[in-house]
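Next up: just one chain, as structure tokens, the form predicted on its own.
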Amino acid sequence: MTAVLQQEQIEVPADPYDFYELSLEEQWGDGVPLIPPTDDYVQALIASTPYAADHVVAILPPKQLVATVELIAINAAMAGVEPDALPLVIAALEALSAPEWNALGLTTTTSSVFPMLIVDGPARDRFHIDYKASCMGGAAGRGSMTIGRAVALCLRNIGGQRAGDTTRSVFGQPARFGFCIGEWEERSPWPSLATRAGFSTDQDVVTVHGGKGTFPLADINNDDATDLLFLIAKSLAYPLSNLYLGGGENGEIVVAINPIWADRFKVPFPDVEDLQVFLQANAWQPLSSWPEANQEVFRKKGRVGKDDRMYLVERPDQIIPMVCGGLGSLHAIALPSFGESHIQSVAAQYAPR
């Protein structure tokens, strides 16, 4: 059944360059050329969902405005989302709308934090979501490039996020254009993010992390897997991490591990929970790493642990390993946390076939 569209329609230039200029002039573009959201395109997107066009998916910050399926589809069309992939965009918006994700705080802060989407399930290949070589930039999969961008456009055009106005982010980050990767489930020795969250392997699940950027880690010096993990843990606990600003009880760090390293780590840590325990136990710095004035602040906050250790996070489950990336073996990527946010996972809902 063809959806009845209700949003006000406007005439736009047929010339792609003129349409691009209009998007910049009207400030509903993101600085990159867009695709005109024609009726047919928007209706095809809506048809992939089980929802009516006027179904309310979320209230999007910072202006707390209503995101209907139709409005989401319009922004997804401009981003170039494949019609059948709209349910993944909707799942991402549902996830970031959970109170625990703290969307209002994350969209208005001075931090660079932004929704980072991680997809599990068959949709990774169907919609060309990158999870192998260069998955965090440069692999050019349509799903990765468009789904993340659609979420960013929804926050801009529905939620009203504007740099220097409704959001005070000092620097931003490249992911504010959109960030969407997959997990290489088949190469992971541990359960996927989705199955750890209680979903089945045949479901398409979007996990949304409030990430501050990509923090590269590299090594060619360690043959012992435990030694390498120890250094990863120490690297996560850098002194100016956002997680040292609060009490350490909130927020997670996603650690993306390449498949070769994952094969090494599974030997001493076949259970992901044991891996998380090891990382949390070693993600600390001595209090002496900070100037004396800072040390006094941390003591007053109750952040100083036994033997004057400054643990980055309170619990092992706040460090979340996943497997993705190429087979170059020398690298991992941390996605540091904003702190006042908890990662959320939602399964995509498709129209009945």
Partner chain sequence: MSENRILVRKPTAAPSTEPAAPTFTVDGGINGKRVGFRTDSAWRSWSLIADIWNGYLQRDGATTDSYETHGMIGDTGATDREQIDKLAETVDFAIVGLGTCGSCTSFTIADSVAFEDHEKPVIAVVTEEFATHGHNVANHLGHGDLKVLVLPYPLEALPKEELLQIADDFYPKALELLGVTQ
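This is a predicted model, so every value here is computed, not measured. Numbering follows the first chain given and starts at 1.
Unshown form predicted together with its partner chain; subsequent notes refer to it.
Contact residue in the predicted bound form, from Asp54, Asp317, Asp308, Asp39 (heavy atom within 4.5 Å of its partner chain): Result of the distance check: Asp39.
The single option of Val32, Val297, Val304, Leu327 touching its partner chain in the predicted bound form, heavy atom within 4.5 Å: Only one listed residue qualifies here, and that residue is Val297.
Within 4.5 Å of its partner chain in the predicted bound form, all of Met78, Asn102 and Thr108 (non-hydrogen atom): Verified in the predicted bound form; spot residues all in contact, yes.
Option from 220-228, 138-146, 119-127, 92-100 whose residues, in the predicted bound form, bring a heavy atom within 4.5 Å of its partner chain: Careful reading of the contacts points to 92-100.
Thr166 within 4.5 Å of its partner chain in the predicted bound form, heavy atoms: Yes, contact at 4.5 Å.
Proximity of Asn250 to its partner chain in the predicted bound form, heavy atoms at 4.5 Å: Asn250: yes, in contact with its partner chain in the predicted bound form.
Contact label in the predicted bound form: Glu11 to its partner chain, heavy atom within 4.5 Å: Heavy-atom contact with its partner chain at 4.5 Å: present for Glu11.
Exercise: Leu71 in contact with its partner chain in the predicted bound form, heavy atom 4.5 Å: It does: once its partner chain is placed as it appears in the predicted bound form, Leu71 has a heavy atom within 4.5 Å of it.
In the predicted bound form, residues of 225-246 near its partner chain [heavy atom within 4.5 Å]: If the 4.5 Å heavy-atom criterion is applied to its partner chain in the predicted bound form, 225-246 yields nothing.
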